[in-house]
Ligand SMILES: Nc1ncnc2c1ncn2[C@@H]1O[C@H](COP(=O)(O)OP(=O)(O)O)[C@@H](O)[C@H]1O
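Let's start with one chain on its own, the form predicted on its own, as structure tokens.
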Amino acid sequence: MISATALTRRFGGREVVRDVSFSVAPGEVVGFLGPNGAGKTTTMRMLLGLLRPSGGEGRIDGRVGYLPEAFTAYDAVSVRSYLRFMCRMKGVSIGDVDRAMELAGVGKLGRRPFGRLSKGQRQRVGLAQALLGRPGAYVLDEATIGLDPRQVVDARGLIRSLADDDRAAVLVSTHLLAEASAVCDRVVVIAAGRVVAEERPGAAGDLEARFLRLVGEAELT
């Protein structure tokens, strides 16, 4: 379970997230939608304990797999060495590296240094490290950014399988409305630091119209 209860964050005198509440149940993919600067990443960091809330509470039950938007690693370290290191950091079996690499589509890149990877390959290595240990919850910040169309389709299928097959709770931040419609059971729309809607996504075109209306209304208030 992933839950946010009245999460609030202030930087100086500016309130960037205000009273944000939602939950993600096991076996569910929830999309976290909003324009740039809406408060998505700040909210995710509070949920993960990386940023102290000014108010409210964030909670994630059990182990969590986290993919940050700007994922990186040391350029000289090979993919396999990095993932083995992350296993030790997370306290999970090193034997899980091969499974995670195959699922993330980097099974043939084990010996390649991180510095020689393309942007899309780096993103898939980031996804592989999130998969290590089969966590019961995932927080994925722009999981498909930098991927080519075929990789996007594969990544969306993988995200869906984490909920359907592993019964994990999955929170996915995205600005791609088609992605939300393709993989999410529900979407939470945030604008100007506030949740302005929580609903089932429906068709991508319908979602786009509702999203633009909700964001526009929020930014005017």
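Note that the structure is predicted; figures quoted are calculated from it, not measured. When you see a residue number, it is the position in the sequence shown, counting from 1.
The following text describes the form predicted in complex with this ligand, which does not appear among the structures shown.
Location of this ligand contact in the model of the complex, chosen stretch of 35-43, 52-60, 181-189, 157-165 [non-hydrogen atom, 4.5 Å]: Careful reading of the contacts points to 35-43.
Counting heavy atoms only and using a 4.5 Å cut-off, do F11, R14 and E69 all touch this ligand in the model of the complex? Contact check passed for all of F11, R14 and E69.
Give, in sequence order, every residue of 177-194 that has a heavy atom within 4.5 Å of this ligand in the model of the complex, or say none if there are no such residues. Residues within 4.5 Å: none.
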